[in-house]
Ligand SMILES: Cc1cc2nc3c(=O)[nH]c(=O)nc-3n(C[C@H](O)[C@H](O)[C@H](O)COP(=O)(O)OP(=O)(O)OC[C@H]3O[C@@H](n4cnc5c(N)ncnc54)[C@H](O)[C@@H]3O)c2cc1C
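Take a look at this one chain, the form predicted on its own, written out in structure tokens.
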Amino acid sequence: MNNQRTITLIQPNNRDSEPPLANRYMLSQLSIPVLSKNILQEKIFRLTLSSAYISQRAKPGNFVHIRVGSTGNPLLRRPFSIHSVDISKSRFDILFRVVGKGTELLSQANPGEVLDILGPIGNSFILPPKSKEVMLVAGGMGIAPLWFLFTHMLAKGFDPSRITFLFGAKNKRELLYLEKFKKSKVKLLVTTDDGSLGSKGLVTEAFLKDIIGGNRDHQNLAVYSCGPEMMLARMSDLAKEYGFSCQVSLETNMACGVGACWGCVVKLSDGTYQRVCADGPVFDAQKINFSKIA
């Protein structure tokens, strides 16, 4: 079942005339069945959803906006990064941790149930030239969009030996896909806050140690990151200090999720504001003013 309704949204200041293409937002509202539910770790769930429309159009960095309840409580949808796609089987995955009422309700969805979903929404990561050294830095559930990016790069023929994946979590129970990483032959660096696996400490410090101690050419680095705000603020500072390219995917609460309400804005270094949902969620780390996250 994929009942589809196309929605056209325009910026408020363009209501009196036909907006230019860049200011017109097209997305689809879909009724999508749940195919399977997997509990990967305590309170960490992966839902597989059936949609040829989304699986064929989704790009790494895109997200979907899901109505998690049928009673209007909670009222607002919840945004979830698209975690992986399987075009041949017309399905895609989302990954989430139960942290509140919305995610608790979503964790109770069972195969066969139908979810009301808007998507795919947002911009996507820009792939680097294959000559670049790629580093992906995930903190906790930041693995959700970066796993999609990582598998997409491998499918596009990127050399795994030129990719370093740094994965940080609170403890070893929250580290996912370690065996899959090993099979991919990518360089994997793991950190945990409690030292239960890998290096003890923050993933950003492991990243800094690697780019300094590894004698890397900072101008030849293409860095991608997603995780808690403080982690991304640190990645932004490092990108500015060492001059490497860094794209970050921001995670934030959203109201409409389609750019109409301006409820999820981020302030840029030049003093302007952009919306995480419509202008992001992927941004150039050097251009964000993390001291002014709204």
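This structure is a prediction, so every number in the text was calculated from the model and none was measured. One-based numbering along the sequence shown.
Although not depicted, the form predicted together with the ligand is the subject of the following passage.
78, 101 and 253 all contacting the ligand in the predicted bound form, non-hydrogen atom within 4.5 Å:
Every listed residue reaches the ligand in the predicted bound form, so yes.
Does any heavy atom of residue 158 come within 4.5 Å of a heavy atom of the ligand in the predicted bound form?
The answer is no: residue 158 has no heavy atom within 4.5 Å of the ligand.
Taking heavy atoms and a 4.5 Å cut-off, does residue 97 contact the ligand in the predicted bound form?
Yes, residue 97 is a contact residue.
Would residue 144 count as a contact of the ligand in the predicted bound form, using a 4.5 angstroms cut-off between non-hydrogen atoms?
Output for residue 144 is yes: heavy atoms within 4.5 Å of the ligand.
Proximity to the ligand in the predicted bound form (heavy atom, within 4.5 Å), stretch among 181 to 189, 199 to 207, 102 to 110, 147 to 155
Of the stretches listed, the one contacting the partner is 102 to 110.
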